[in-house]
Every structure is written in C-alpha cells, then in structure tokens.
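What follows are structure tokens for two forms of the same protein chain, given separately as structure 1 and structure 2.
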Structure 1
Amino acid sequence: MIRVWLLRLYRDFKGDILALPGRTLACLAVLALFIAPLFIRDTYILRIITLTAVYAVFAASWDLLSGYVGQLNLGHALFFGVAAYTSAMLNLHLGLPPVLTIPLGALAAVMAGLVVGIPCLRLKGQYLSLATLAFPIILKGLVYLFKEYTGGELGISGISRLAGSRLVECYIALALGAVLCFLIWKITDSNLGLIFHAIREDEITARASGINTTAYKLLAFCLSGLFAGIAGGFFAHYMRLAGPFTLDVLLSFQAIIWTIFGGITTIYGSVAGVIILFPLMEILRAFPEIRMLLFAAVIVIVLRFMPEGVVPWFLDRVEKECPRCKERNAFTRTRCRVCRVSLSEREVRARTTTRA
C-alpha cells in the first residue's frame, strides 16, 4: 500500500513538477533555502531569510485579494498590524504561548477583514482603494491614543520568542512560508479561484451567472486577512516587538511593489518578488545616501523590459502553451505532454491559416 502511494506520488511529482522548467526551478529554489541555513552562522543573514519567508506570505495574501479578485487594497498592512498587536498583547498580558497567540492574531485579522470588507464593498474602483487606505491610518491613530495598552510610539516589546535559537526560528518560518504560499496557490487553482477570476474579469456577468459576488469578495477579504495575519503574528514574535510600523502605509505599498515586480495574479510571482527585492534592499544598505534611488532604478528598469513581471517574462521563454488544451509545456518539447498536438510555431501557424 505504501509502495503504491509512493509510486503515485512520484508519478504526480514527475508529471506536474519536473515536466515544467518553472516549477522545477521553484522546487530547487525552495530546497536551496532549506539547505542554506545549515551552512550559515551569521544571525543577520538568518534574519534576512526568515523575514523573506514572512513577507512572501504577506505579499501572496495581497495578490490573492487584489490580483485574483481585483479588489485593490492599499491598506493591506491593517491585517498584518492587527495580528501583530493581538499576538503581542495576548502573550504579554495573558501569558499565552506563541502557538496560540499567532492563530488568535490571525483570527483577529479575519475579523478586521470583515470590518473592512462589509462597508468597503459598497464602493468600487479607486473609491474602494482609498477607503481601504484609511483603515490602517485610523488604527495607527488609535494606537497612539491608547498608549497604556499599545505602548504608543514605542510599541509592545518583551514578548516571547518562537524558539530558543535563530536557526530553529528560520526553519519554522521557511516551513510555514512554503506551506502557506502553496495553500494560497492551491486556492487560486481551485474552483474558488475560478470564481475569483470571473469576478475580477466581469463582475456583472458573474452575478448574472448566479454567483453571489458580494459573499465571495467578502470571503476573499477574510482569506487575505487570515494569511496576512499569520505573517503578522509570526513577525511580532520573531522580532519580539509589535509597533506602529506594522500598520505603516509604506508596508502596504511594499507588498504591491513586490507583487507587481514578480508578476501579479500568479502568487509565485509575489513570492519571487520578495525573494529578489527584500535581500536587495539589505544589500543596498551599503549605499545609504542613494539606497532608495538605486532601488527605484532597478524596479523601473526591470519593469520597462518586463512589464508583466519577472516570473511571467521568464516562463514565456522556458515554457510554451499548447494551442489546443492550453497546458504549459517545456520549451524543448515538440508536442504537448497532454494532448500530443504539435507545438511547432510553423505548424501552429499553418493550422491557423487553414482554419481561416
């Protein structure tokens, strides 16, 4: 029984992962991230790897809501900050361990998603975006107002660590990030993802087809808040601090930059954007006076030649789409791995001309 299950798992892995260069490279990148900490003793580099995993989940959660459902959220830091403060306060005042405070913080972020989603879904377009931008700013003002509970500008410090060493915390972050990003990708690849895609493309047609678009958009707000909340709670315990910076508008814009740079509406594009840009920002600390200028120049130059993002640009060159079944294939293949149709551009062009 176990042997049959392992053979099936290997066959699925070979057919779905190893058959495509993009997925193969993604698996190798994840494997490299898991192996690298074993040979790294510098806590600063371990910190960069850990925060990269945390921010990858945060960016992917923004892509789920804004990329797939089309609800442009400019205040995504609200979910991150609510979870961070909730986890910190529960740990500091009630003494709950991180294994409980992080899920409870994520639950608080889901409630924040409901609070934001119910009134904001009455708005559309740029009005929705501006309304979502207002919520973290309002909450940040409340943080400064109730200093006895939130710590004011200094935030809440002295909360429990996730583990006894930075290496263990790094592996927890990598494992959690990999599982959550895969889960977000599977959601977008499911029937629910098709509904989200339909709402984004034409909400009126989706509603006419019998889809309760308001309920599904509210679900998207809650799911996005859940994943961003897990990232926020983890961040608070890793840094042992929850401060007003977790509600900063700049954090929301960072998620947008990471996702658009990597490739919006892909999930793996947002993850790749964080893996590239977050360590790059740390490297550019060597040039403090022109750090932001260099960072902006890299983004502008890359998006000038790769307007759809780094990942879609790369995949278009190592993979080909079958004209019949629309499945992706390696660029080295001459026939589709699913329907066996020829992938030669000359034959595809000849068939198109014949049909015309």
Structure 2
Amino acid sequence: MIRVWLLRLYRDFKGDILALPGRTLACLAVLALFIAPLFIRDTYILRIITLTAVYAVFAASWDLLSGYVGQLNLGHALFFGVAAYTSAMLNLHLGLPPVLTIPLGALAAVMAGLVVGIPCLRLKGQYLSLATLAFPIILKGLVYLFKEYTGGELGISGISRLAGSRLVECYIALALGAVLCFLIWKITDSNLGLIFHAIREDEITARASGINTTAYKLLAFCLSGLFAGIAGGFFAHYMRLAGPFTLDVLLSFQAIIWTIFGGITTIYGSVAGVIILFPLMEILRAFPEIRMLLFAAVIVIVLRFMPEGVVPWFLDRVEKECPRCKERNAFTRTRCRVCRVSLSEREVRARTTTRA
C-alpha cells in the first residue's frame, strides 16, 4: 500500500516538478535553505535567513490580498504590528508562551482584517488603497497615545525567547515560512483561488455568476491578516521587542516592493523578491553612504528590463508554453511533454498559416 503511494509520489514528482526547470530550481533552493543552517555557525547569516523567512510570509500574504484579489492594500503593516503588539502584551502581562501568543496574535490580526475590511469594502480602486493606508497610521497614533499600555515609542520589551539557540529559531522560521507560503500558494491554486481571480478580473461578472464578492473580499482580508499576523508574532518574539516600527508605512511599502520586484500575482514571485532583495540590503552595507541609492537603482534597472518581475522573466527564458495544450515545457524540449506537438517556433508559425 505504502509502496504504491510512494511510487505515485515519485511519478508525480518526476512528472510535475523535475520536468520544469523553474520548479526544480525552487525545490533545490528550498532544500538548500533547509540544509544550510546546519553548516553555518555565523549567527548573523542565521539571522538573515530567519528574517527572510518571516518577511517572505509577510510579502506572500500581501500578494494574496492585493495581487490575487486585486484589493491593493497600502497598509499591510497593520496586521504585522497588531500581531506583534498582541503577542508581546500577552507574553509580558499574562506570561503566555510563544506557542500560544503567536496564534493569538494572528487572531488579533484577523480581527484587524475585519475592522479594515468592513468599511473599506465599500470603496473601490484608489479610494480603497488610500483608506487602507490610513489604518496603520491611526494605530500608530493610538500606540503613542496610550503609552501606559503600549510603551509608547519604546514599545514592549522583555519578551521571552522562542528557543534556546539561534539555530533552532532559524529552523522554526524556515519551517513556518515553508508551510505558510505553501498554504498561501495552495489557496490560490484552489477553487477559492479561482473565485479570487474572478473577482479581481471582473467583479460585476463574478456577482452575476452568483459569487458573493463582498464576503469573499472580506475573507481575503482576514486570510491575508492571518498569515501576516503569524509573521508579526514571530518577529516580536525573535527581536524580543514590539515597537511602533512594526507599524511603519515603510514596512507596508517593503512588502509591495518585494512582491512587484519578484512578480505580482504569483505567490512564488513575492517569496523570490524577498529572498533576493532582503540579503541585498545587507550586502549593500559595504557602501554605507549610497546604500539606499544603490538599492533603489537596482530595483529600477531590473524593472526596466523585467517589467513583470524577476521570476516571470526567468521562467519565460527557461520554459516554453505548448501552443496546443498550453502546458509548460522545459526550454530544452523540442516536443511538448503532454501532447507531443512540436515546439520549434518556425514549425508553429508554418502550421498556423497552412490552414488557409
């Protein structure tokens, strides 16, 4: 029984993943990320890997809401900050361990998703975006106002650690990151994802097809908040501190920059964007005066030549789409792996004109 299942798994793996260079590389990269920490003693690099995983979830959750459902959210840091503060407060005042505070923080972020979603969903397009921009700013103001509870500018410190060593923390982050990003991707690849896509393309038609678009948009806000919240709760425990910088406007924009750089509306694009850009910022420490300038220059230049993002550009170079069955093939193939149709461009063109 197990052998049959394993054989099937192997066949699926060989057929679906190894057949495409893009997916193979992704698998290799994930594998490398999981194995690497064992060989790295350098706590700084472990820290970078951990934060990359956290931010990958943050960016992917933004892509789910803004890329897939088309509700451009300019205040994504709200979910991150709400979860960070909630986890911190629960840990400090009630003494709850991280394994409880992080999910509870995420739940608080879901509540925040409802609070933002319900009024904002009356709005469309640019107005929705501007409204979402306001919420983290409002919360930041409240944080400064109620200093006794939130610690004001200094935030809440003295939070307990996630695990005894940086290595374990790194693995927890990687595991969380892999599982959550995969979940987000799975959502977009499911019936729910289909409905999200329909709402994004044409809300009126979706309505006419019987989809309660408001309910689904609200669901998108909540899901996005859930994942971003887990990232936020983890972040607070990792930094041992939850401060107003978790609600920064710049943090919201980071998610947008990472996602658009990597390729919007493809969850793997936002993850790739984080993996490329976040360590790049660290590498650019070597040029302290022009660090931000170089960062911006890299993004602008890359987007000039890869306007749809890095990952779609890369995938277009290494994969071909079959003209008949639309399946993706490795660029090395001459015939489609599914329908055996010839993939060479010349023959395709010749075929489309001989029918006249």
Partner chain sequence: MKTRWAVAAALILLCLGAALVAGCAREEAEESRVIKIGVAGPMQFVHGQHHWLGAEMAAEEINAAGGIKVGDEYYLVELVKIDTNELLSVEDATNAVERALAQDNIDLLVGTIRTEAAVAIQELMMDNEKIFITCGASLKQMADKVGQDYERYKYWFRVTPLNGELLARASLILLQYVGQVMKEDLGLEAPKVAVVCEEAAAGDALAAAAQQVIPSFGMELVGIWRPSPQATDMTAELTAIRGAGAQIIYTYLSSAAGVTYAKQWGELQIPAASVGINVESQAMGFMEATDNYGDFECSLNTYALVEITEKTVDWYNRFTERAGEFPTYNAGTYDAINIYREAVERAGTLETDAVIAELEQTRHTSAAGVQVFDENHDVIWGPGYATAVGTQWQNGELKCVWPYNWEGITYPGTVRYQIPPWVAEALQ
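What you are looking at is a predicted structure, and each value in this text was computed from that prediction instead of being measured. Whichever C-alpha set is largest while still superposing within 1.5 Å between the two forms counts as the rigid core. Start at 1 and count along the sequence of structure 1; that gives the residue numbers used here.
*Asks:* For this pair of chain forms, which number matches the form predicted in complex with its partner chain?
*Replies:* Only structure 2 matches the form predicted in complex with its partner chain.
*Asks:* In Å, how large is the CA movement of residue 338 between structures 1 and 2 relative to the superposed rigid core?
*Replies:* The alpha-carbon displacement, core-superposed, is 3.1 Å.
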